[in-house]
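A lone chain, given as structure tokens: the form predicted on its own.
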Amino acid sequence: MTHLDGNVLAGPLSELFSVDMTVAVGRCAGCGDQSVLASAMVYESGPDIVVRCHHCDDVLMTLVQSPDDLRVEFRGIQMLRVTR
């Protein structure tokens, strides 16, 4: 099976992140809870942001901001759904 390079993701990902992500529904990898991101617990420490599940307190995602970029890790989200 052949594969495409990551540039093919530009279209689908730009659609995903061009909306208000706080209304996106995520499934926690820890407990399976499915809730909008707006209900998550967010902890800020300088340039770092840690987002935790409001149900089980597991880490859903981390964001690290710098002057040059923004890094996002979704290790605790099994699924992220955005309504069109």
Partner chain sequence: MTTTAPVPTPSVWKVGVVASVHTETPTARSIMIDVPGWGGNLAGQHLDLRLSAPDGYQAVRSYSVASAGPGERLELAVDRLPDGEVSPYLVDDLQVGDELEIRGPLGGWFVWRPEQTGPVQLIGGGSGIVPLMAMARAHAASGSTARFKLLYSVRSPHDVFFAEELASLASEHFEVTWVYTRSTPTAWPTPAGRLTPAVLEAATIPASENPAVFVCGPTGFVESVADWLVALGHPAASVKTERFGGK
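Residue numbers count along the first chain shown, from 1. Between two forms, the rigid core is the largest collection of C-alphas that superpose within 1.5 Å. Quantities reported herein were computed from a predicted structural model and do not represent experimental measurements.
Although it is not shown, the form predicted together with the partner chain is what the next lines describe.
- Interface residue remark: residue 8 is counted as part of the site for the partner chain in the predicted bound form, having a heavy atom within 4.5 Å.
- With a 4.5 Å cutoff on heavy atoms, residue 58 does not count as touching the partner chain in the predicted bound form; it lies far away.
- None of the heavy atoms of residue 64 is located within 4.5 Å of the partner chain in the predicted bound form.
- Among heavy atoms of residue 31, none comes within 4.5 Å of the partner chain in the predicted bound form.
- Of all the residues from 17-34, those having a non-hydrogen atom no more than 4.5 Å from the partner chain in the predicted bound form are 20, 22, 23.
- A movement of the C-alpha atom of residue 8 reaching 2 angstroms or beyond is seen between this form and the one not shown when the two forms are aligned on their rigid core.
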